[in-house]
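Single chain ahead, by itself, as structure tokens, in the form predicted alone.
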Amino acid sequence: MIEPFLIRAIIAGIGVAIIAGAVGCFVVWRKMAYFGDSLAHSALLGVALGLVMGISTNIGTIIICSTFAIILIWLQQKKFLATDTLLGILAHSALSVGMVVLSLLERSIDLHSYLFGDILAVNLLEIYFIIFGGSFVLLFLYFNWASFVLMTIDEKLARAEGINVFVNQLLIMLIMTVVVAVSFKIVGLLLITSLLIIPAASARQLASSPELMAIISSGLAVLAVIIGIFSSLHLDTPSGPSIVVASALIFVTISLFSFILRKNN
């Protein structure tokens, strides 16, 4: 008989993997890996905000990450500094402030679970949040897929078609904040970006269309989560890093397979 905690972990992991795989395609296409990493770093301040205010850490993360994205876009429009410089300043400042606030709290904080995840300890409330947040992300992607893809392929063509590129860029960033908020319990704040990038990078070598790439990416992310959960359980290793290692091994396997096919052809 499968233990209840393992069932919860599998459900939560699959939910996160599906949305991370789909959103990760845009992270890869639009070269937003550094933004995703910076967003995840800033999320620790959201965790601190949630604990200080006595609200869900997921809600605190959404508030801080959304604010992070809006401030970044505003500063980009002002052409104050280069984007990578702005990301570095905002992300590491938010991470440091979050660490300081958490250290000042007069309670025991399991910082390791926030940084590297603990999927085996996920509870029902967190599963509900993943299901609700994941459904929102998938529906949003479904209704805006064509606009997002066209904007990614050619921004000038998208503008000619009447698409508001600025608004759509903001929407993609805000979707990523939701992914970060629902994912940090699974793989941790420091490893979230890997769950966005690696399955999408693997799927890119197999897919012949954007839609197929999103489907394959989600499938590979689900596979990595399941392998990671059971390897973590049986080898007594951290769950978040175990999932990322599984994802990396899948990427290496697909890359070798693709290389051999290209060489034979």
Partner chain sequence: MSFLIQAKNLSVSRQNKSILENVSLSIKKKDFITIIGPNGAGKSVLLDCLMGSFIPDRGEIIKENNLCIGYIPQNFVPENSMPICVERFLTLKKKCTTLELNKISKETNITGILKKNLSNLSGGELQKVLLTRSLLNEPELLILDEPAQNLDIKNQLNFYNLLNRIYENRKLSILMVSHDLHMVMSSTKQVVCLYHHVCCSGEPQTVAKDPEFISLFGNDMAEMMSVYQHTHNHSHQEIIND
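Given the structure is predicted, the values throughout are model-derived calculations rather than measurements. Positions refer to the first chain, counted from 1.
A second form of this protein, the form predicted in complex with its partner chain, is not displayed here; the remarks below concern that form.
The closest non-hydrogen atom of I163 lies within 4.5 Å of its partner chain in the predicted bound form.
L150 belongs to the set of residues with a heavy atom inside 4.5 Å of its partner chain in the predicted bound form. In the predicted bound form, none of the heavy atoms of I63 sits within 4.5 Å of a heavy atom of its partner chain.
Interface membership of H234, defined by any non-hydrogen atom within 4.5 Å of its partner chain in the predicted bound form, is ruled out. Shown here without its partner, the chain carries L157, S209 and M213, all of which come within 4.5 Å of its partner chain in the predicted bound form through at least one heavy atom. Taking a 4.5 Å heavy atom cutoff to its partner chain in the predicted bound form, the contact residue among A146, M99, L105, L139 is A146. Segments offered: 38-46, 224-232, 24-32, 51-59. Contacting its partner chain in the predicted bound form at heavy atom distances within 4.5 Å is 24-32.
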